[in-house]
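In structure tokens, the next block holds one chain alone, the form predicted alone.
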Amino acid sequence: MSGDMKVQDLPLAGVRVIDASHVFAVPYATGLLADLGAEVIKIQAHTRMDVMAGHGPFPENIPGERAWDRVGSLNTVNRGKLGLSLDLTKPEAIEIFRRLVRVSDVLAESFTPRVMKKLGLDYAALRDIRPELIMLSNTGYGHSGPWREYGSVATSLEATSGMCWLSGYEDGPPSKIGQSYTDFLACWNAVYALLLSLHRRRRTGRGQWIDLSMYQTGAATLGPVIMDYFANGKVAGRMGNRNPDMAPHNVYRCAGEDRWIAIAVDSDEAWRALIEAMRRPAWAGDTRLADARGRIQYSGLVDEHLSAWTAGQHAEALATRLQNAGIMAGVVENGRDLLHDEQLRVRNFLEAVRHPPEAGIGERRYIGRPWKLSGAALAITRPAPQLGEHNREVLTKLLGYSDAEVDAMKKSQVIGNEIVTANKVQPLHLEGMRRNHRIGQPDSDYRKA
């Protein structure tokens, strides 16, 4: 926490959240709530590893003896939380969970619909012991409808929601969208719904069940496409990097290894400015390219000429030059660019967090929030918890168990600090990932500015 700001001064101070979710979408949402001052208690499993744990990435690509505590993605989404490990197959753990619900404001979970009901921890059961509870259940397809029991991951949801149909080149197959886009959509929708529910409870005193469908978060982004079919019978298709109303509108290779620039021209005035920036090449005098309609019709020709020109330019210098001329342009930044981006640095988007020495992680930078609040110096309040790190603290100080009872829980493995049956974890095979085009060139000195 920076400056003189204390947790009790933050917007969600005094709100206690139980995070019984896994993978990415809801953990990241509750991580943002922790940034806002909520006390978030992460329910961890010591009987199995989180789905993301086996994939890393690990610091310096070294899993270590406690690989489950060293996963970069998990340390990102679980920042600011307390860690309580429970084996929810045991009745004693269920009772602990229920006692925790009695003293909490929010419960967020991401199991398939049948799981929480089978455990007796669904909303209908929990509101009897905590009527004011706000519970968020994030599933692939929601708790109703013919697909309600289907499991899902973001990649499959990008397909079923229609996103993949629109992503890709005009003459190519449907394509996945970057890094699990519907996870981020579900995260942001979860934060929005939880904040609305907290606001409603402050006015009415009533709790709320939020039935969040990740499938619908994806479909909701395609409103214009759905309406176009509804109104005109038109099925939208793939267009690559092009735009039906602008040309040029694409990304173009620049000098250096895998360096690119995005250029978009939205008016004849901007086109003339681009011609001037290129020092009036002969081909730019082609009368077919004088107006937007012609440039769109011959966009392939325009792209060919522009690519030949940008190939000898450095992306950063060219982007600045074009922007100064009033042309929309920007470097296509890779991971290293973002890590050292001056704009993100000034806004402190990537926040330095120091892990305890025993974690063997040191200081790392994690993504913060894309927004700032006046009068609230938001920051990541603490590193993500190691497995079961706060078991004793939560059980004794918050729930009133004795130290002897906690010792007995650990002996019977109701709680734990190590994975009972850990999956075999290997470092990422960087060269193989590069050959398969899953990553670019590995960067050995990525931590240097």
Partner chain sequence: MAAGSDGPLEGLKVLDLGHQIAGPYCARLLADQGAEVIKIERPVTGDVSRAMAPFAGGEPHPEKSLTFLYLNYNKRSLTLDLKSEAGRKILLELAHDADVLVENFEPRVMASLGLDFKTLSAVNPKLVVTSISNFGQTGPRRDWRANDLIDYAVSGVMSISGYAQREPVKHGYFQAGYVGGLAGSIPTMAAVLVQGATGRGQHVDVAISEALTSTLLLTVPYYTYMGETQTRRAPVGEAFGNCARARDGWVVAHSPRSGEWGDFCDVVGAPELKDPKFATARGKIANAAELDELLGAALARHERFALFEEANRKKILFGVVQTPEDLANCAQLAERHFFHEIDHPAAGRLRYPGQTFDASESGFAISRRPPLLGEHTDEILSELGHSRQDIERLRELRVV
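Between two forms, the rigid core is the largest collection of C-alphas that superpose within 1.5 Å. Predicted model only: the values in this text are computed from it and were never measured. Numbering follows the first chain given and starts at 1.
Although it is not shown, the form predicted together with its partner chain is what the next lines describe.
Peer 1: In terms of non-hydrogen atoms within 4.5 angstroms, which of the given stretches 277-285, 292-300, 167-175, 83-91 touches its partner chain in the predicted bound form?
Peer 2: The contacting stretch is 167-175.
Peer 1: Tell me, which of V103, A255, A236, A125 has a heavy atom within 4.5 angstroms of its partner chain in the predicted bound form?
Peer 2: It is A236 that has a heavy atom within 4.5 Å of the partner.
Peer 1: Work out which of A273, L119, L350, A379 lies within 4.5 Å of its partner chain in the predicted bound form, going by heavy atoms.
Peer 2: Result of the distance check: L350.
Peer 1: Answer for S110 alone: is it within 4.5 Å of its partner chain in the predicted bound form, judged on heavy atom distances?
Peer 2: Outside the cut-off, so no.
Peer 1: Report whether the minimum heavy atom distance between A308 and its partner chain in the predicted bound form is within 4.5 Å.
Peer 2: Judged by the heavy-atom cut-off of 4.5 Å, A308 is well away from its partner chain in the predicted bound form.
Peer 1: Determine whether any heavy atom of F58 comes within 4.5 Å of a heavy atom of its partner chain in the predicted bound form, and answer yes or no.
Peer 2: F58: contacts its partner chain in the predicted bound form.
Peer 1: Evaluate S73 for contact with its partner chain in the predicted bound form, applying a 4.5 angstroms cut-off between non-hydrogen atoms, and reply yes or no.
Peer 2: Although its partner chain is absent here, S73 would touch it in the predicted bound form, with heavy atoms inside 4.5 Å.
Peer 1: Could you list which residues of 191-224 come within 4.5 Å of its partner chain in the predicted bound form, counting heavy atoms only?
Peer 2: Result: V191, Y192, A193, L195, L196, L198, H199, R200, R202, R203, R206, G207, Q208, W209, I210, D211, L212, S213, Y215, Q216, T217, A219, A220, T221, L222, G223, P224.
Peer 1: Does I439 move appreciably between this form and the one not shown, meaning a CA displacement of 2 Å or more on the superposed rigid core?
Peer 2: Yes, the C-alpha position differs by at least 2 Å between this form and the one not shown.
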